[in-house]
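Next up is one chain by itself, shown in structure tokens, the form predicted alone.
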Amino acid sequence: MATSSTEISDLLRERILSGEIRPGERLQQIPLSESLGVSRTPLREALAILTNEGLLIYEPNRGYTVRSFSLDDVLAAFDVRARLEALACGLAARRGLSSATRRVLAECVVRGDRILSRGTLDPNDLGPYRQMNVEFHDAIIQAANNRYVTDFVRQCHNVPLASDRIFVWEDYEVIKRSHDDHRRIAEALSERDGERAEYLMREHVYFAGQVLKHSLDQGLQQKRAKFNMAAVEVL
């Protein structure tokens, strides 16, 4: 159980970035402290941390609300994230990967292969695949060993739909292509081919942004179609 403000903020951050706590949702301290089983003092400190990170908005007499981001905000975050994570690949390749980092990346590829080996997407596999993806990207960021890259990438991930916790878990071929990127990126890094690793990572993150945009556009079109059908029925 989380007890410190850091542990509580980590827990809430993960829930926000994964979409479990949705944009626009109000976080009331008393019900939240009861549901988490934590005292209100570290909870207040955790909420302040997330507000400083830009994930929450605080309004006097109204409390905390999860920040909403426009599609333009999300795509802009993907654009910056693609360039920064590509830079991280270049830095990591030039430094050379430690044996521990090589092992983490290799294990992530194996775990992804295992999940996708069925040839179909199981909703129960989304959580494990998401965790694998987070570990893969985090390992590369850490291998870059540049705190500015780390800090700025984290800011991009604080735009929830642009984080590496979010997946459009619908199309097997899309996820397979994305995971094949993981394999190629890991190989390029192991060979210290920074230029290729940078290109692959930039395209990998950019592609994820385009998949999300297409999914959101389709959802909006479906809502408009339902609205138009309802209007016709009323007429």
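The first residue of the sequence shown is number 1, and the count goes up from there. Whichever C-alpha set is largest while still superposing within 1.5 Å between the two forms counts as the rigid core. Everything quoted here is computed from the prediction, not taken from an experiment.
The same protein also exists as the form predicted in complex with a further copy of the same chain; that form is not shown, yet it is the one meant from here on.
Peer 1: Is Asp79 a contact residue for a further copy of the same chain in the model of the complex, using a 4.5 Å heavy atom cut-off?
Peer 2: Residue-level check for Asp79: yes, a contact with a further copy of the same chain.
Peer 1: Using a 4.5 Å heavy atom cut-off, state whether Arg67 contacts a further copy of the same chain in the model of the complex.
Peer 2: Contact with a further copy of the same chain, yes.
Peer 1: I'd like to know if Ile141 sits close to a further copy of the same chain in the model of the complex, meaning any non-hydrogen atom pair within 4.5 angstroms.
Peer 2: Judged by the heavy-atom cut-off of 4.5 Å, Ile141 is well away from a further copy of the same chain in the model of the complex.
Peer 1: How about Gly54: is it within 4.5 Å of a further copy of the same chain in the model of the complex, going by heavy atoms?
Peer 2: Gly54 belongs to the contact set for a further copy of the same chain.
Peer 1: Taking the partner as it appears in the model of the complex, which of 100-108, 133-141, 154-162, 113-121 has residues with heavy atoms within 4.5 Å of a further copy of the same chain?
Peer 2: Stretch with heavy atoms near the partner: 154-162.
Peer 1: Exactly one residue in Asp193, Glu45, Asp180, Glu203 has a non-hydrogen atom within 4.5 Å of a further copy of the same chain in the model of the complex; which is it?
Peer 2: Checked against the cut-off, the match is Glu45.
Peer 1: Since exactly one of Leu36, Val174, Ile49, Leu27 fits, which has a heavy atom within 4.5 Å of a further copy of the same chain in the model of the complex?
Peer 2: Partner contact (heavy atom, 4.5 Å) among the options: Ile49.
Peer 1: At 4.5 Å, heavy atom to heavy atom, what parts of 138-156 sit next to a further copy of the same chain in the model of the complex? List them in sequence order, or say none.
Peer 2: Residues within 4.5 Å: Asn146, Arg147, Tyr148, Val149, Phe152, Gln155, Cys156.
Peer 1: Establish whether a shift of 2 Å or more occurs at the C-alpha of Ala208 between the shown form and the other one, with the two forms superposed on the rigid core.
Peer 2: After core superposition, the C-alpha of Ala208 moves less than 2 Å between the shown form and the other one.
Peer 1: Rigid core fitted, is the C-alpha displacement of Ser68 between the shown form and the other one 2 Å or more?
Peer 2: Yes, Ser68 moves 2 Å or more.
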